[in-house]
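There is one chain below, alone, in structure tokens, taken in the form predicted alone.
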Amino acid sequence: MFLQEITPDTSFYMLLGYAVFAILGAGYVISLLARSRKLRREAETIARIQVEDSEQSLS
């Protein structure tokens, strides 16, 4: 009797899980790109400030 039971269809939950992981992965990649851009801008600002400070110390 137990062997004749059909296996439940869980393909919807599998697709839903893949969708959740895809959304989380995309959000993480977007977050990394935003952080990278912000770090690059901060590094440029620090370099510009260092150049300005060295020019002022020479004057």
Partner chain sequence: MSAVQPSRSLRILTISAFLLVLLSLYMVFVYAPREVVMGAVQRVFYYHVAAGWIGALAFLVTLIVSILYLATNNIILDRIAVSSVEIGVVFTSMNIASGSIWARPIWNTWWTWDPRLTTATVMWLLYIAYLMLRQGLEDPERQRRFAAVYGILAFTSVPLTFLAIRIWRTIHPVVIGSSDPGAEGQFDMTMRMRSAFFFSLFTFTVLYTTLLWHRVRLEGLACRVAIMKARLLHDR
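Quick caveat: nothing in here was measured; it's all calculated off a predicted structure. Positions refer to the first chain, counted from 1.
Omitted here: the form predicted together with its partner chain. The next part is about that form.
At the 4.5 Å threshold, heavy atoms of Ser57 stay clear of its partner chain in the predicted bound form, well away from it.
Taking its partner chain as positioned in the predicted bound form, the residues of 14-39 that bring a heavy atom within 4.5 Å of it are, in sequence order, Met14, Leu16, Gly17, Tyr18, Val20, Phe21, Leu24, Gly25, Tyr28, Val29, Leu32, Arg35, Ser36, Leu39.
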